[in-house]
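One chain comes next, on its own, written out as structure tokens in the form predicted on its own.
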């Protein structure tokens, strides 16, 4: 039962983790907008989500036979980060375009909140399904 609940919520968990990492990346770009030679970075969210879900579906279960064994991490720490190509180059070598970064940050924030709402709705639906009829 618990494993079915876990698998039902796995997709939203991965989507939220990727959204959080993208938010941190974009915040880092904005924070370094005035740093000379800073190169703005980002990743393709849809590609990373496809890769994360594909890894989850075809994952190999590892047996931990010793207390010192670490479980297989499902983290998304191996993101394919890419440097942004600036529309207009700056003299100090910085590639942060504040208008684009702000727009991407806002878009990612809204999608993060939508993902949380979807997850909340899913949990509410599962909770109602588990309650006895009255």
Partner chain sequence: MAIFSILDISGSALTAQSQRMNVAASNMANANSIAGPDGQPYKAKQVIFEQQLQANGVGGVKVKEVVESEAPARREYQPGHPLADEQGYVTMPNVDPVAEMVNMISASRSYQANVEVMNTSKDLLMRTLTIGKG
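Residue numbers count along the first chain shown, from 1. Keep in mind it's a predicted model, so treat the numbers as computed, not measured.
Below, we turn to the form predicted together with the partner chain, even though it does not appear here.
Within this chain, residue 127 lines the site of the partner chain in the predicted bound form, having a heavy atom no more than 4.5 Å away. Under a 4.5 angstroms non-hydrogen atom cutoff, the partner chain in the predicted bound form has residue 105 among its neighbouring residues. Residue contact with the partner chain in the predicted bound form: residue 95 places no heavy atom within 4.5 Å of it. Looking at residue 79, you'd find a heavy atom of it within 4.5 angstroms of the partner chain in the predicted bound form. Along 18 to 38, residues 20, 21, 23, 24, 25, 27, 28, 30, 31, 32, 34, 35, 36, 38 each place a heavy atom within 4.5 Å of the partner chain in the predicted bound form.
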